[in-house]
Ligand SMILES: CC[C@H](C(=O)O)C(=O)SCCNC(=O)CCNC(=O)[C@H](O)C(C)(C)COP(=O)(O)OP(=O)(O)OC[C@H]1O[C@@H](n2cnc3c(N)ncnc32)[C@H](O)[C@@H]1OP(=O)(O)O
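So this first bit is one chain, no partners, the form predicted alone, shown in structure tokens.
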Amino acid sequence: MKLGRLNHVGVATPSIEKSISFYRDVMGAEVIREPFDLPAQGVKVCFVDTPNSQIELIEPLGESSPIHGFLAKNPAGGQHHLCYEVPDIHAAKAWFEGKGAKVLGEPRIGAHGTLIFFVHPKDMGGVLTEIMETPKGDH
């Protein structure tokens, strides 16, 4: 397995609308995608483009959302995860498992419409890490 491109930094937020205002008005973001619900993962997401990556704003869709627990501990929100691309999601999953890392669930469709999985922070230097198959047509 080879470390791929940093696709995005996931930022949990109690309000995507307030976060959009922050990235637009304070940080000077020029390209902010339309927010959308991802019910299968219990979140609403919005991508903010940067020159070399994206910020993924993540808001919980109710109390059963995994983001709800994060925000209970961090009410103002904050960095939730890093996401790296790989060419083959199944090979990457096998590689991480072979290294003894705890993969959180099976590969599933993520916000970019491509397969993803997460690796537990205890096995990733304290950082929740999303592994994402490089979208077709990219790079």
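A residue's number is simply how far along the shown sequence it sits, counting from 1. All values derive from a computational prediction rather than experimental measurement.
A second form of this protein, the form predicted together with the ligand, is not displayed here; the remarks below concern that form.
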{"item": "Residue 118 within 4.5 Å of the ligand in the model of the complex, heavy atoms", "value": "yes"}
{"item": "Partner proximity in the model of the complex: residue 70 to the ligand, non-hydrogen atom cutoff 4.5 Å", "value": "yes"}
{"item": "is_contact(residue 61, the ligand) in the model of the complex, heavy atom dist at most 4.5 Å", "value": "no"}
{"item": "The ligand contact in the model of the complex: residue 122, any heavy atom under 4.5 Å", "value": "yes"}
{"item": "Listed residue (101, 29, 94, 104) with a non-hydrogen atom within 4.5 angstroms of the ligand in the model of the complex", "value": "104"}
{"item": "Site test, 66, 111 and 126 vs the ligand in the model of the complex, non-hydrogen atom cutoff 4.5 Å", "value": "yes"}
{"item": "Those residues of 25-42 which, in the model of the complex, come within 4.5 Å of the ligand by heavy atom", "value": "38, 41"}
